[in-house]
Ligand SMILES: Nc1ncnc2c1ncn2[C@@H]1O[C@H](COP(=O)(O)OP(=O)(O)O)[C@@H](O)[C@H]1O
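Starting off, we have a lone chain in the form predicted on its own, written out as C-alpha cells.
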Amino acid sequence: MITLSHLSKTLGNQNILSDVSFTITSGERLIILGQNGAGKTTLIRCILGEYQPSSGEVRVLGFAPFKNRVRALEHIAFVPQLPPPLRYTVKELFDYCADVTDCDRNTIRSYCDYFELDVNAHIHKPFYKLSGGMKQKVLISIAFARSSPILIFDEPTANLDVVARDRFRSLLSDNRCRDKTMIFISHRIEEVSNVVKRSIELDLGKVVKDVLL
C-alpha cells in the first residue's frame, strides 16, 4: 500500500532522512517513533507529497505523491500535530471537505458530537479562532468521516482533554475502522498501544528499529 525505497531527503546542508526503506501493507497499524529531529515529520511530508525525495522513492498505492499528489492523497486522511490557521468558518470547512472529498457533512457532525464538541455553538466561527482542543476534534472528525483507506495521525491526542483521548482510542478499535491502514507519529506508544501492531523507530534520519508488537 505504501512503499518507501531507499528514501533520502536533504534540506539545505542537512541530511534529514538517509536510505529509509520499508513497506506498509493494507490494514496495518503502526507507530513511527523517534525524538525531535529524528525525521518523523519529514518522512510523513514525503508520503503526503509535500517534499520531493532527494533520492529514492515513495509510492502510495502505486502513485508517487510528489508527482501525482491528487491521486495519492485521495486515499489518505491526515491529522497534523499543529492545525493550520484556516480562515474558513467551521461551516465553510465542512462544506469544503464535503465538496472536494468523499465525506458527508452530517457524518462530520456526528463525530464532533461523539467528541462532545458543540458544532452549532461554533459553526460560524473562523476555524483559526477555535481552541487547540476544538481544532483537533474538528480535524479528527473530518478524517474519520472520510472513507479513505489510510489514516495518518501526527501526535493526534496532544491537544485533547482526558475524555476526548479515551474516546479517540475507543474509536480506533471501532468496526468502522476495522480495515483501515493507520500510521501514528508519536513520542509515546502508550497513547495507541491498544491498536498498533508494529513499531518503527527513527534516529538521525535512519530506521534503527522495526519490530512487531
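The numbering used is simple: start at 1 and walk along the sequence shown. Being a predicted model, the structure only gives us computed values, none of them experimental.
Although not depicted, the form predicted together with the ligand is the subject of the following passage.
With the partner omitted here, the residue from 16, 200, 24, 196 that has a non-hydrogen atom within 4.5 angstroms of the ligand in the model of the complex is 16. The contact residue chosen from 42, 148, 186, 159 relative to the ligand in the model of the complex is 42, the criterion being a non-hydrogen atom within 4.5 angstroms. For residue 35, a non-hydrogen atom is located within 4.5 Å of the ligand in the model of the complex, even though that partner is not displayed. In the model of the complex, the ligand lies farther than 4.5 Å from every heavy atom of residue 66.
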